[in-house]
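First, one chain by itself in structure tokens, the form predicted alone.
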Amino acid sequence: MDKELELMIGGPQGSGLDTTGQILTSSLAYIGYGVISDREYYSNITGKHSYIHMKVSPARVPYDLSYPVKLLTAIDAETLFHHYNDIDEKGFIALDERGLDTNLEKIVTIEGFTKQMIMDDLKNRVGSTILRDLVQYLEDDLKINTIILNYKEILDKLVDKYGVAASLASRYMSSIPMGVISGLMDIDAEAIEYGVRRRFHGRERIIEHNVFLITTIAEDIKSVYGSPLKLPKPTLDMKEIMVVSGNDIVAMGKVVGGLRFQSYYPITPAADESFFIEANQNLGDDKGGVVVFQTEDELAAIAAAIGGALTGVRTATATSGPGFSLMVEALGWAGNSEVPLVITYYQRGGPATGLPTRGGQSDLLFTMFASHGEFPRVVLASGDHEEAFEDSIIAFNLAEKYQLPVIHLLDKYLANSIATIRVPDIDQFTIDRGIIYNGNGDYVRFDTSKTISPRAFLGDDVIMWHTGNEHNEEGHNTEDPILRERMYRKRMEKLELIIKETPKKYMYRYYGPENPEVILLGWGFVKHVSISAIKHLEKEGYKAGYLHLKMFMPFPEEDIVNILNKVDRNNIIAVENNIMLQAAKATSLFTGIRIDRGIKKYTGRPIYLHELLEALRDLLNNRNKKEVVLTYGS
């Protein structure tokens, strides 16, 4: 019996894989397991290959996805052609017998370069590009256990029992992999029904149909194969848990943090956050609600958010790379006018449209220095769902306390992954709205005698001016050199206050021994795979730590210098999803510590534990080698 399980479900985009991931994650969480479910997909509506990569653990939330997987369930023939190299020896595959005669050369949804690479490999190893021959090869050479089902006959059971029209039965195709997984893992029917009900709340006929299919398949699988992938009983120490995507948890954090106005223009992978808020924006008469405003473009989105912030409500906008690029001029306006604005920025693969549905960490330096001129801003990055929740609240506090834009950075991997997390303790958070004008005395919006001027709101019984030009204390345009220096310095001195007053846990976190020999440096979603890597390195005789950077502007340079000075410079290894090692560059800029060694991945896929460990061993055993580029993933 394995202690943890990696599995994958693949099929064409639009075949219900997202629903499959949600139901399975909820069902497993209901039993008490820790689950992470990552969704990878092409940027088209239907047809191209997509998949769910899931990891299940009895004792933790296993963010450290890795290969090979123990189980691959395929809705279509194309899935196996993409992932036959990802299956563990003596693992399991489940597929539709009607696709066994599929020839890879005839599949039109695989792009030419990818298809040619797979064809070359199959002809070399299998001698054929026919799926049946590939399956035989996997059975003979890797001792893979093959479960071949007739998906149409399974769906016909739904037609026979409930009178579902044959033309509509295919909509239930995604229930088949859930049934196979439920049988092999021995997931009980109560948990499955819970997961289905959570996904299709109130739609009783759909619930009944899905539960029937999944449980019927599960029983058939168990009767033939048993439950060889059953995990030990869960020991996860979580009394209350949530099953949420990264988009969902950020939305929840914003609402807890007092969000009252969110503007957006739809863009992947940011839009789901605003959709979630829209679906849940009525908080009840006693608590008010959230206004969600879809604008005509991203320029209008940030302009609307600035306007909302000036009226005194907690305001945010959410976007991704191309959208943020359009927001940059208005970002400078907000910085110049000391507007407390939150921008939630979901990174994806760039430049230009780039990889719209794939991940990356290539926008860090852009956010730190975006817009012309110098003005204070906070750049805050989250590494997992729990951090994303608390950072969404802290972002509002920082924005209003210091009256500046806050850019909250997340990556697509976090946004589109579903995880079980403990229910956050919202009582630990306080709302800090900063210094608000109390109505006494003459009011000047930009009082240079104070680093943080009292803030009045549009609509209050005061007069104020806002302009994109440099201004005097009242807000009128000025080009006077003395006033320019005072106003410029007033704004920039906020950065020193933030470093002095912000708890260190929101700026960085260190994991590992007090006196390490090696330090991995990273940020964002590389957090947990790096933490797992240092634990593996410890077993191999290395004392390794992981320095998780969270706040990049302002940068906690003194503390970071003290941590990095514990090791030889050659033993600092950056781990990032970009080619420039941007967090390492930022660290070098502010600390003077040059970081020359790194592990980088910029394919749009997350960094997997097995490839990270291999790369680390390579660097640690070859001190003259500077970097390793990772490329694993379909």
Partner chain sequence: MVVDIKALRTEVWVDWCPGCGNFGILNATQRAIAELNLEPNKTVVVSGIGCSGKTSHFINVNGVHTLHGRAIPFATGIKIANPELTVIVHGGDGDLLGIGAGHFIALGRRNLDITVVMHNNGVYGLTKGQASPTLFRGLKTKALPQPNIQDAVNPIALAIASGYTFVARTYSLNIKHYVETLKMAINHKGTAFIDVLQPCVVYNDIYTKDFFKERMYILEKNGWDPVVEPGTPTETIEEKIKKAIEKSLEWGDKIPIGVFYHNKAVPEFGERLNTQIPNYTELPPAKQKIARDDGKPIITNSDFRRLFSRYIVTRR
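Positions refer to the first chain, counted from 1. Only a predicted model underlies this, so the values are computations on that prediction, with no experimental measurement involved.
Quick note: we don't show the form predicted together with its partner chain, though the next part is all about it.
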| Any chance Phe366, Lys401 and Met580 all have a heavy atom within 4.5 Å of its partner chain in the predicted complex? | no
| request: Could you spot which one of Lys505, Lys106, Lys239, Arg205 gets a heavy atom to within 4.5 Å of its partner chain in the predicted complex? | output: Lys239
| query | Just one of Phe81, Phe92, Phe324, Phe261 has a heavy atom within 4.5 Å of its partner chain in the predicted complex. Which one? | reply | Phe261
| query | Quick one: is Phe276 in contact with its partner chain in the predicted complex, heavy atoms, 4.5 Å cut-off? | reply | yes
| message | Whether Pro266 contacts its partner chain in the predicted complex should be assessed with a 4.5 Å heavy atom distance threshold; does it? | response | no
| task | Report whether the minimum heavy atom distance between Lys527 and its partner chain in the predicted complex is within 4.5 Å. | result | no
| said: Please tell me whether any heavy atom belonging to Ser170 falls inside 4.5 Å of a heavy atom of its partner chain, as the geometry stands in the predicted complex. | reply: no
| request: Determine which one of 434 to 442, 196 to 204, 405 to 413, 550 to 558 lies within 4.5 Å of its partner chain in the predicted complex, judging by heavy atom distances; exactly one does. | output: 196 to 204
| Heavy atom contacts to its partner chain in the predicted complex at 4.5 Å, residues of 453 to 467 in sequence order | Leu458, Gly459, Asp460, Asp461, Val462, Ile463, Met464, Trp465, His466, Thr467
